[in-house]
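A single chain comes next, written as structure tokens; it is the form predicted on its own.
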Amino acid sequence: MRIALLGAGNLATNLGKALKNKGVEVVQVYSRTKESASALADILSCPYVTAIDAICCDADLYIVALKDSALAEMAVQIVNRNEGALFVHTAGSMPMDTLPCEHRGVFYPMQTFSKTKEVDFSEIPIFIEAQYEKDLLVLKQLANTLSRSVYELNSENRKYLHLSAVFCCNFANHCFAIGERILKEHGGVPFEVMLPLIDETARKLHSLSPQEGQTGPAVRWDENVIGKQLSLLDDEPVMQEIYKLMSKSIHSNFT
């Protein structure tokens, strides 16, 4: 199968490496910027292009790994390059119908990616969807080549999957950033002291549900502790409001 990889960002870079490691051929990389396109093409030992009208017309599968706004803007131009081929996008929050072609689908590896951080794709759940059963079989075969966890999920339910991922990853990481700032501003304590706590919190999720593993003053609604900590945030109204809302939400799960 000849695969064209459209995009050269964090996800595309990691996906391209995973495909190459499994012996799957990427025949071309497209990106609007020469720097990112050439960097990924060098890794994958394939040519690159920076213009849509230069995207190859003879690939079997086009994996569109662009940011959501670019995907919506460029979808029509991209699929016109090869009307008979299968086009899939990798966006968790975008419907399959964003791609205006007959053979379309979704290939969504649910993970946070960075170009400089290697990941083990075999541990990453991949969610797939396709317009036709034969196309779904193609995506399932490719996904099974890369990962041990492959799921079929339609666009409507994938919106909620992505919402869950925002809470579990993006919002949780922002809480880490808030914690780092508090430590830095009050004693200059390095954030590394929190890593054992964060690691153990994550490890517990392998044997306990998130609710079973929940601890802290909000669970038992310790108003003494909660009140004192809220007063520490009197000069930070946004953080104070986050603390209030999070505490109420946690406690509501135990009442």
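When you see a residue number, it is the position in the sequence shown, counting from 1. Everything quoted here is computed from the prediction, not taken from an experiment.
The form predicted together with a further copy of the same chain is left out here; the points below concern that form.
With the partner removed from view, the residue among 57, 43, 195, 52 that has a non-hydrogen atom within 4.5 Å of a further copy of the same chain in the model of the complex turns out to be 195. Although the partner is absent from this view, residue 83 stays clear of a further copy of the same chain in the model of the complex, with no non-hydrogen atom inside 4.5 angstroms. a further copy of the same chain in the model of the complex is not approached by residue 77, whose heavy atoms all lie more than 4.5 angstroms from it.
Shown alone here, residue 19 lies farther than 4.5 Å from a further copy of the same chain in the model of the complex, counting heavy atoms only. At a distance threshold of 4.5 angstroms between non-hydrogen atoms, residue 229 is in contact with a further copy of the same chain in the model of the complex.
Shown alone, this chain has one stretch from 57 to 65, 35 to 43, 22 to 30, 218 to 226 that lies within 4.5 Å of a further copy of the same chain in the model of the complex by heavy atoms: 218 to 226. In the model of the complex, 151, 153, 157, 159, 160, 161, 162, 163, 164, 165, 166, 167, 168, 169, 170, 171, 172, 173, 174, 175, 176, 177, 178, 179, 180, 181, 182, 183 are the residues of 150 to 184 with at least one heavy atom within 4.5 Å of a further copy of the same chain, listed from first to last.
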